[in-house]
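Next up: just one chain, as structure tokens, the form predicted on its own.
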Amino acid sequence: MDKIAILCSGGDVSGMNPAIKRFVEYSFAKGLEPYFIHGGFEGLIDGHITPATYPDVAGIITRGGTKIKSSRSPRFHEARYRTLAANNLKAQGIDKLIVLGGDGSFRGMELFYHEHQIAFCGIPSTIDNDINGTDYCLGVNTALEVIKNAIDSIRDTASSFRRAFVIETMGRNCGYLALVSAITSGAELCLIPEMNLNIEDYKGCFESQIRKGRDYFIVIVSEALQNSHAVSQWFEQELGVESRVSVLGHIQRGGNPSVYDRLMAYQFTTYAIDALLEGKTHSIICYTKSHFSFKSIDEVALNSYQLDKELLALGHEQFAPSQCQM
């Protein structure tokens, strides 16, 4: 049988384990012999490659994270370690590879393919949702659910104590998580890199709201701005509202995978394996406007992700100073 392997690279996301389960089951169904690469590119370099079996994936569909572990691999940036990684695959007779990761992982795989011609298909897997060419990345829906639950809980205590809460979400350089969470939680303000908003423009509006009875505020801030504490201080110093910062951190990456992420994991993985069987050698499986498509590795890895224009317009409409209710 032809041999195929799977690895996870970079930050873990809820949805990786369902993808791993589907990988094993669908590989056998297609007459392939599946293998796990443990520990991402680091594990590939060190030869941590084992055959995968049905018992290995029993019960993992409900678990966040990744059974086969992940890593960030500075060594994979060096050609000599990529050669070592390729030799480890070839020694096992593996000539097909599924990679769950983000843009950094895909850039590494682009080099790896051109150097060693080992066919691969990438599955976008990052809660940042910042991969160019795809509208959705594995793990995003579960992360949004975690954020939603956190904001709803924080709102309870914010209203009880007459406070402003500045809630910081992940997202690296992308404001997707913060924007979607702010819109769907009814936040009073959203600050992300893609929307150039000046908090001073809200002072008059917020003061008017306070005079009319508003006694708490919910503000969603992307970690990319690195200003959550400054925003909190602004509420205290400029509005006289007691304020707290809540950094959600890594809870956003974990948790029981949502139904949507389980389904997407199965679909992503199915398309990825089919792509390799059809002869596609270096592609990323993307999901755009409710359908799947393949794009070249160059198109995905070498271009920057841009927030959806309609979503960004909705954010501007909802959070622009001119829309603040006096």
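Predicted model, so just to flag it, every value in this text is computed and none were measured. One rule holds for the numbers: they count along the sequence shown, beginning at 1.
The form predicted together with 6-O-phosphono-beta-D-fructofuranose (F6P) is left out here; the points below concern that form.
Asks: I need to confirm a contact call. Of R155, R82, R172, R163, which residue comes within 4.5 Å of 6-O-phosphono-beta-D-fructofuranose (F6P) in the model of the complex, counting heavy atoms only?
Replies: It is R172 that has a heavy atom within 4.5 Å of the partner.
Asks: Taking 6-O-phosphono-beta-D-fructofuranose (F6P) in the model of the complex as the reference, which of E145, D95, E110, E223 has a non-hydrogen atom within 4.5 Å?
Replies: Selected option: E223.
Asks: How about I123: is it within 4.5 Å of 6-O-phosphono-beta-D-fructofuranose (F6P) in the model of the complex, going by heavy atoms?
Replies: So I123 does not count as contacting 6-O-phosphono-beta-D-fructofuranose (F6P).
Asks: Does at least one non-hydrogen atom of E168 fall within 4.5 angstroms of 6-O-phosphono-beta-D-fructofuranose (F6P) in the model of the complex?
Replies: The answer is no: E168 has no heavy atom within 4.5 Å of 6-O-phosphono-beta-D-fructofuranose (F6P).
Asks: Taking heavy atoms only, is I127 within 4.5 angstroms of 6-O-phosphono-beta-D-fructofuranose (F6P) in the model of the complex?
Replies: I127 belongs to the contact set for 6-O-phosphono-beta-D-fructofuranose (F6P).
Asks: In the model of the complex, is there a heavy atom of 6-O-phosphono-beta-D-fructofuranose (F6P) that lies within 4.5 Å of any heavy atom of R72, even though the partner is absent here?
Replies: Because a heavy atom of R72 falls inside 4.5 Å of 6-O-phosphono-beta-D-fructofuranose (F6P) in the model of the complex, the answer is yes.
Asks: Which one, 73 to 81, 210 to 218, 87 to 95, 245 to 253, holds residues whose non-hydrogen atoms are within 4.5 Å of 6-O-phosphono-beta-D-fructofuranose (F6P) in the model of the complex?
Replies: Partner-contacting stretch among the options: 245 to 253.
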